[in-house]
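Let's start with one chain on its own, the form predicted on its own, as structure tokens.
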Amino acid sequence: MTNTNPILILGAQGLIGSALMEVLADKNPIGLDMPECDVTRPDQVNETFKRFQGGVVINATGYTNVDGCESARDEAEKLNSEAPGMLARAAREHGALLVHLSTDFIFDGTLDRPYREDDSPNPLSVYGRTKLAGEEAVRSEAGDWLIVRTAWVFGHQGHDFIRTMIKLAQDRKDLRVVNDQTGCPTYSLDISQGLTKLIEADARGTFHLVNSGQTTWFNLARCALDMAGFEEVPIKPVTTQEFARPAVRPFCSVLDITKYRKLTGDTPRSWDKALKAALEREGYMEKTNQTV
């Protein structure tokens, strides 16, 4: 990837899209969101891709409200299943590389080791099923594509688990967090830097990209609140059964990043170091240091 290759980021105001705009700033990316480019409309998709002949298009759009997908299936299918296929078709027709983001939720969480790229998917929720369908749609177009699965994303734009926990702690709400689901918390800026390394390495196919290490939602919440200066705020660990949600989650969806490491020579930092960096940027670590 050079400065002469045009880069388009779809979903540029989202959690990962905004981080990509920052990380790739020196390459002058163009960021689009709805309504500038409605990825569910073929006419808008084709018109957009005409401007990026031979360029790189990163699809950071999607219906990511996991529970919301259960009651908004049509919208989830349009954004997560149908749109990626249209983007892949347009990329093939206009000679662009499509980089498509997917999720650990395409797996059922029953494997006794981290999931590799070639492990069989078995999604448990509408979100997982529609994201898997999106992957399959991209592959079926047989164009130039790169699919990157990530997980448990936190960052600096919009809503995420970390922001939610801190807001609840500030409001002194009773906190109950699931402690029997395990995954890989991942910083949006680290995903963006990893995506850049994959593109520069001419990666094609499917890759997993997450921060190193694994933890539970409860441990992630406890770590975040302790770092942010809310050590006194109690959190009650609960089971998935006790904390019923509309969408079924995998119990253990840890992703194996060996393929990424071998190609790029890069090992992403641990999730807790990434979390500390994110909280420092938000000013929470500074507040904590002032109270010591």
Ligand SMILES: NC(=O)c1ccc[n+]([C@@H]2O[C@H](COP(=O)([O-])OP(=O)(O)OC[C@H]3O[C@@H](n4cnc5c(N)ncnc54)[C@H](OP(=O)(O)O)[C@@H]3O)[C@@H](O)[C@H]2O)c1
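Fair warning: this is a prediction, and the values are worked out from it, not measured in the lab. Quick note: we count residues from 1 along the sequence shown, nothing fancier.
Keep in mind that the form predicted together with this ligand is missing from the display, and what follows is about it.
Chemist: Would residue 253 count as touching this ligand in the model of the complex under a 4.5 Å heavy atom rule?
Modeler: So residue 253 does not count as contacting this ligand.
Chemist: Is residue 224 part of the interface with this ligand in the model of the complex - any heavy atom within 4.5 Å?
Modeler: Heavy-atom contact with this ligand at 4.5 Å: absent for residue 224.
Chemist: Can you tell me if residue 40 lies within 4.5 angstroms of this ligand in the model of the complex, counting non-hydrogen atoms only?
Modeler: Because a heavy atom of residue 40 falls inside 4.5 Å of this ligand in the model of the complex, the answer is yes.
Chemist: So, in the model of the complex, is residue 153 in contact with this ligand at a 4.5 angstroms heavy atom limit?
Modeler: It does: once this ligand is placed as it appears in the model of the complex, residue 153 has a heavy atom within 4.5 Å of it.
Chemist: In the model of the complex, do 48, 53 and 91 all reach within 4.5 Å of this ligand through at least one heavy atom apiece?
Modeler: Result no, not one residue of the spot touches this ligand.
Chemist: Which one of these stretches, 173-181, 94-102, 112-120, 135-143, sits within 4.5 Å of this ligand in the model of the complex when only heavy atoms are counted?
Modeler: One stretch meets the cut-off, namely 94-102.
Chemist: Since exactly one of 57, 69, 60, 257 fits, which has a heavy atom within 4.5 Å of this ligand in the model of the complex?
Modeler: By the 4.5 Å heavy-atom cutoff, the listed residue in contact is 60.
Chemist: Please pick, from 79, 147, 169, 124, the one residue with any non-hydrogen atom lying within 4.5 angstroms of this ligand in the model of the complex.
Modeler: Going through each option in turn, the one that passes is 79.
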